[in-house]
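Just one chain follows, in the form predicted on its own, and it is written as structure tokens.
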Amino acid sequence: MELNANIPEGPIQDKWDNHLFSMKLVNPANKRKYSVIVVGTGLAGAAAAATMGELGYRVQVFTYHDSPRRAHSIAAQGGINASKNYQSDGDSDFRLFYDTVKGGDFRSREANVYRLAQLSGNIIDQAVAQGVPFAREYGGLLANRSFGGAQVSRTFYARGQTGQQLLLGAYQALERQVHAGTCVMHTEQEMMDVVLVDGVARGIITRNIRTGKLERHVADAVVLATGGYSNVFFLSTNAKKCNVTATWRAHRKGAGFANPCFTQIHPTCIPPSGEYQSKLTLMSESLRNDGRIWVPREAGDEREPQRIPEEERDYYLERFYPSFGNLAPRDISSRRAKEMVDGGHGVGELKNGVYLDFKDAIERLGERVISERYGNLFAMYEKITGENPYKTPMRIYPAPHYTMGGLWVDYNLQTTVEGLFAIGEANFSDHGANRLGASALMQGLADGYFIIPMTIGNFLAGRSGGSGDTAHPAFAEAEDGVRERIGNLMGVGGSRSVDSFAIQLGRIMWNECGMERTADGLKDAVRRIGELREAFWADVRVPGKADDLNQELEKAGRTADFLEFAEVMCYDALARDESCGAHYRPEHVTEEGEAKRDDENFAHVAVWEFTGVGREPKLHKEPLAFEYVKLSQRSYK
């Protein structure tokens, strides 16, 4: 596997502009000769499909939902970063770039991160032109608020519905192209495999979720915009249908998987209330602007929060990190919350949370202002917990959220498989070992609106055009493989439900490859995952029929892929014998208990090559160079 990042020459601030000029272009009249498949209709996928359709390409776009509006991007609440410096508080493209590289603990590629910062302002302009209702100041300027890991206000927001509003903007742009005939929408179609013709991605095999029918689709290039894999933990903030299948199928066909162990634990989620839960609910990080996080100073304190006086409260983030306080980055804030709960300071009936308190903000600003900023989030919290956060502090605890790892891509967002591209959370490219809050929406839209429509043209311009034919033997071979796998799942006829295996895998991953990873625990996890996978294929029960609507079959296929992927994730965490960002190995910590990097041995992207199910994958490394942000121990004090 060859890793060529294809980073342009020149100063970092000029790389993207120079690259745009040097890339090969497709004549506008010739664009209609080329077809592109886009899998996924969240922010990245919808933006990419809409923009490429607008440019004149013939686009086929696929979603397993009945509408693109159901994409998980809709769940993003707090905001989207951009370095417009509306607050005149010292922000700039370079500062956003610097904060992102530092926030990712120096494990991201500088050139990609700078391009992201450079394009951030364009995203806001695009969204405003689409009518996205961003919050505004009294004078009419777009409002900003702060997020973790930054000391400037650069996060644009639409109350607690930012992802939903941005997705509606992208969805409208996409539907405009559907109406114009440049995009063809395929709903309720799940991608089951990538088709390679002579080593080049030329199509996909899908399963119609309603009928069970397998279908072949051909194109000149394939773009995966299929999100992340946090449901490997079973309990996560992700929608239940989020999965690893599309990227894992691509990995099995030769696409390198980069940094799979870099998974983010979000610090502000509603704690689980029992063993019966199937997912967790996120409370936006924006709440940390006005909410103060604390626990009782005395371990085991049973009193109601209102009865605990100020002097008996530990505002531990403000104590540990006076400069950033409650806006310390997510990885750091999550670990400190775990320390508090593990030390006996947890709150709530199950003692599994910490308080996020708005009393001071309400006294300072008034309940009306807090309601304007966070009202829908407060309503959501009260509906789930039965507690009024205006009167009593919220209870929060870390939970699996975003995945920084993904398919390896070069500067053009192309994977190690020619003609196969990955955008948004499906790739690894921008966030390193920890994503700053409000950067996910930024990356998805930058990739979709401004990067992939240009770089895919550079790829297509060197080709004759014309999609080829699904009668090619490669399509038949891929379809036969999918049909065989479905038959195997249906044919086990065991005694255990799919969910029982998914829950068991999730517990292994959370305990051994979650907020804290040890060498012994990871080795044991690899062994137990292998045993669980064997048990799955010997005893799983998938009722119903394959040629019909069968949600158990859908879950079974995704769980089978998670059982293979989880092993690689643990191998990656074991091989990275350091602590960095959200990857926390207690063998490697500073005297103050923070993550301790080993830049001499691990300043690289770990890229894994598939070698077979149950076999240790092959590791490749892309060295990371830091010319513009000096390597240093992160400090948010």
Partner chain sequence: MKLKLHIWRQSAPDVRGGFETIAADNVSAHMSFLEMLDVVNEGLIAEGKEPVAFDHDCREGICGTCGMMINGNPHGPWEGTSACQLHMRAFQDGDEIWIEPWRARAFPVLKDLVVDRSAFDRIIQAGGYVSIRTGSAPDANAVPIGKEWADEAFDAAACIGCGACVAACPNASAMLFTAAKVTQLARLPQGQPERYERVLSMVDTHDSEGFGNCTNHGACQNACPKGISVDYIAQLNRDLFKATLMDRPDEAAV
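Please read all numbers here as calculations on a predicted model, not as lab measurements. Residue numbers count along the first chain shown, from 1.
Keep in mind that the form predicted in complex with its partner chain is missing from the display, and what follows is about it.
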Answer key, its partner chain contact in the predicted bound form at 4.5 Å (heavy atoms) among D520, D469, E137, E302: the residue is E137
Using heavy atoms only and a 4.5 Å cut-off, determine which of Y355, F565, Y316, Y171 is in contact with its partner chain in the predicted bound form.
-> Y171
Only one of 155-163, 246-254, 112-120, 193-201 gets a heavy atom within 4.5 Å of its partner chain in the predicted bound form; which is it?
-> 155-163
So in the predicted bound form, does any heavy atom of A538 sit within 4.5 Å of its partner chain?
-> no
Please check if H179 has a heavy atom lying within 4.5 Å of any heavy atom of its partner chain in the predicted bound form.
-> yes
So in the predicted bound form, does Q504 come within 4.5 Å of its partner chain, heavy atom to heavy atom?
-> no
So in the predicted bound form, does G131 come within 4.5 Å of its partner chain, heavy atom to heavy atom?
-> yes
Give, in sequence order, every residue of 260-283 that has a heavy atom within 4.5 Å of its partner chain in the predicted bound form, or say none if there are no such residues.
-> S273, Y276, Q277, S278, K279, L280, T281, L282
